[in-house]
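For reference, the chain that follows is the form predicted on its own, supplied as structure tokens.
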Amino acid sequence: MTQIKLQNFDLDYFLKHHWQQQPCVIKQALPDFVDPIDEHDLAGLASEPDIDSRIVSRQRAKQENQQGEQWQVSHGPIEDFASSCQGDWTLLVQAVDQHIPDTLPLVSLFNFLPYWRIDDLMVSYSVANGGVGPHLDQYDVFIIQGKGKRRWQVGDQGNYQDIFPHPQLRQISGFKPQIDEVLEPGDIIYIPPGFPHNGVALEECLNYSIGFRAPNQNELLSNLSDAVQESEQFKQRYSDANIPSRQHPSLVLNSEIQSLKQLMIAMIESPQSDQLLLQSLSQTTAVEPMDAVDHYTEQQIIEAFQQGHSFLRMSEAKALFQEQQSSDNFIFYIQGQQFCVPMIAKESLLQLFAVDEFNDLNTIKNQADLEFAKIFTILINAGYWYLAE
């Protein structure tokens, strides 16, 4: 699996002036870009029942006495492409990185941002004039231009009126572009949340969108609540010794409301809550890891390394760990599962987590390598890594 790097890109400047602040275009960030998939691969995924896909099409009036344009949305699995692909159309497929390993390096381009913020890779194929119309997103996105050309217009944040040309398609009214650029293969556009944008294909083209999730308060509390219930922790009950009498039983005293809030605050501020928050953050929207075809032993893993074999990471194997940890054990989380291993294996594990393809352990030299081989065997048998063919 070929690793690629961003070119013509000043990371420090981007993080200081653009991330979550202003959109930008990075010309030739990936010179000589080669598409890792094509539209036929994308259509194959869209026909699968367990893959989120849709076709957005627009048919414009052909005669002067006809008005406007008609939008249609077809959700996968797509069985009849001919009937769905009418007019100016776009095929969009979510979480392509979970199904086609060759696309993983595109996601890894942005590993300067934390794993827990990364959502998935959405790939779209459009015919000329295809697009989904002007709209807003509530997440950060980097869009890599594959083959073909697409014109992008991006406006400033503001209050825009929602319009629904189709019940399943939210667009906005017109905006004044502050960016108006034609992207060619290898160009990238970054769009922060809340900035209106519209991309229109100038010819048949492929686009790769890496989205970054940002949970709101409701989602954070809901996910943490789910993790708390599964953990069966936090059993401390509310108590009200010396409760004051009141004139009416319906009355809730301000002091009681504050006591209930403090009970919840104590839960959120506890070390156990830190662990459960990490657990919930590691649980992405990804599909469950595949069951390992073979059950490997530690010796087989060691021999595979010694023979020069590589291991590939499943896209959902984005490990998270907390900054402060005890000196005895290294704790990390993958898809809501906690792993607690000897600290001696930490450095090798960090190397493993940072790459899509791993083959660095050529021989067992010390106890640290043995501990790493032990936990890596567990991760492989759990379906998070697999032996490259």
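For clarity, every value in this text was computed on a predicted model and none was experimentally measured. Residue numbers run from 1 along the displayed sequence.
This protein has a second form, the form predicted in complex with ligand SIN, left out of what is shown; the following refers to that one.
In the predicted complex, residue 311 stays away from ligand SIN, with no heavy atom inside 4.5 Å. The closest heavy atom approach of residue 122 to ligand SIN in the predicted complex falls within 4.5 Å.
Ligand SIN is not drawn, but in the predicted complex it has a heavy atom within 4.5 Å of residue 135. With a 4.5 Å cutoff on heavy atoms, residue 209 counts as touching ligand SIN in the predicted complex.
The stretch that touches ligand SIN in the predicted complex, counting heavy atoms within 4.5 Å, is 147 to 155, out of 239 to 247, 252 to 260, 274 to 282, 147 to 155. Among the residues 104, 92, 301, 78, the one placing a heavy atom within 4.5 Å of ligand SIN in the predicted complex is 92.
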